[in-house]
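Here you get one chain, nothing else, as structure tokens; it is the form predicted alone.
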Amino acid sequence: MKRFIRTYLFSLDHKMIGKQYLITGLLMSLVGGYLAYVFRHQLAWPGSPVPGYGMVGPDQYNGFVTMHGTIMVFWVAMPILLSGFGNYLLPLMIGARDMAFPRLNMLSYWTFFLSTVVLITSFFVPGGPASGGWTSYPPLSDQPGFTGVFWGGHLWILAVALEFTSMLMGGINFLTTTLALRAKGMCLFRMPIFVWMENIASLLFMFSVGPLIAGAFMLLADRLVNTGFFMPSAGGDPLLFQHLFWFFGHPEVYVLLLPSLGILAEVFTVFSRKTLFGYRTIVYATLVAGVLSFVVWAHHQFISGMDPRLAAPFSVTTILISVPFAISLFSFIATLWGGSIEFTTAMLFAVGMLAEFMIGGVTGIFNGSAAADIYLHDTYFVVAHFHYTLFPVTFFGAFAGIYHWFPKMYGRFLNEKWGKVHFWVTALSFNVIFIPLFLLGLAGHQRRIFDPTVFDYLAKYQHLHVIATFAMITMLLGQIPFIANFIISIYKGRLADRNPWKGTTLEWVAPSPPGHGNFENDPVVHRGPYDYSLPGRDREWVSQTEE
């Protein structure tokens, strides 16, 4: 029993900690998905009991919408993309034996797990969970007596603070490990793009989260001791919280995006058998985008009441930041061009993420324009836009990574046939959910409306809610093949060797699954990470360890 606890619960091994983050994030995605099912059913058939739940009241609806957004951003995307894959792969990819601070790494996971317990507990306290929106804007979130934001709101703030503390500990570990424990010959520009993306994402999080932590403590003080930082009646300014939130909130989008782009780089090169196009250009473009991410936050606040003279500069920076990301995306497309492409399940999810994310990026330009945003702000157009941005990044990117590195994690393959069923059901149903929401937003349908049928101008669009809800139920059911495939393949999947995909980066040098210490012998790096189809070689891939 003591060995089980040490190996599987309180492990110091970065690989087990990475799996803990991944599994916890995947389980939380089921909670977030269930909440979406409940409030989507309410939108499609207002006043009807939800199968598996019952009747939904307005406070419950607001609470479920709030917790869905909170869970999916902070308890699914971050632990899977940043902490899960980062913990498991970063030491392997740079040739390290483990993280620089193994005990801090273990503490970071258990702090995150505690935040999960606190968040789930908030569903069962008097008044229910926080219901002031996932952004928790004052003055709505600043009123302790308001139904649904009393103890639930307190626990929401505490859970977010614990989760951010966990991610800060992880970011410190990532940066230190990368700078101090690289294998011999592994200079910075021989690191895989995934390692670059994880470290830049960690830097963005560390530099941006401070103001929001301060804002969260100020909000908690308002709620507990009536300090009045954000309450207009006490001389406070609710707009201040919006600035503090979005100064963190927009870099946070890239904290989620960058690890997913790193996954794309690894999957695209392996399954197109080509060197990554524009490696250094991608690195420099990402660094530029990281800097720009700190000067775009107020495009979320064009109609908040801030000085309208600020609209023009924030519109310019918002459009400007699309340039470095366009460079990276076109580099990925150029990598695919002319390649010997193999459409494994991982490759399908990676290509799907690229295509869907580009829709999210293009529709974001409308919201980045102050003139257009006056009409589109807070409508279902925005809901569709950010789901086309975050859902592909979170789920398509994560599934691409899971299918790609599952053989390394468990020494067995996931079933490819069921994997492709999983991809097509997920991809098709996702588009059927959110394309109608663009139309609803253009029709003027605001967010957070409990019963759309009470408005005559929305009643004729009710069928779009029904279509979106059926598609969402289909997408949730479409995850059953993945769950079954994942569990069964751990024990009965086809055995994999140490380099089943014939990859070039260092994780494929280690056994599958890697043992304690990762490598039998310390690797020595002689080349860059993506040497495929080199002339004069007797095979189409050349490992980083080969001279």
Partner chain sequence: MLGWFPENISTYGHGIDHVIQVIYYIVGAWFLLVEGVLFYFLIRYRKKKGVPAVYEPGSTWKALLWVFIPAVLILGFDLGIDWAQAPVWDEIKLSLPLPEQVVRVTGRQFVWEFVQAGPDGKLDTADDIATVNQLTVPIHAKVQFELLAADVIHSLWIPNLRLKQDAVPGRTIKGWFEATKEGTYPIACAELCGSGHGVMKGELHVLNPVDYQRWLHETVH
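From a predicted model like this one, the values you see are computed outputs, not experimental measurements. Residue numbers count along the first chain shown, from 1.
Omitted here: the form predicted in complex with its partner chain. The next part is about that form.
Although the partner is absent here, K420 sits far enough away that none of its heavy atoms falls within 4.5 Å of its partner chain in the predicted complex. Within 4.5 Å of any heavy atom of its partner chain in the predicted complex lies no heavy atom of N105.
Although the partner is absent here, C187 lies well away from its partner chain in the predicted complex, with no heavy atom inside 4.5 Å. Among residues of the shown chain, V454 is one whose heavy atoms approach its partner chain to within 4.5 Å in the predicted complex. With the partner removed from view, the residue among Y410, F74, F277, W196 that has a non-hydrogen atom within 4.5 Å of its partner chain in the predicted complex turns out to be F277. V362 is the sole member of L114, A161, L287, V362 with a non-hydrogen atom lying within 4.5 angstroms of its partner chain in the predicted complex. Note on the interface: of 151-159, 75-83, 454-462, 471-479, the segment with non-hydrogen atoms within 4.5 angstroms of its partner chain in the predicted complex is 454-462. For the candidate spot formed by V31, Y34 and I402, no residue has a non-hydrogen atom within 4.5 angstroms of its partner chain in the predicted complex. Annotation for 123-139: interface residues with its partner chain in the predicted complex are S131, G132, G133, Y137, P138, P139 [heavy atom within 4.5 Å].
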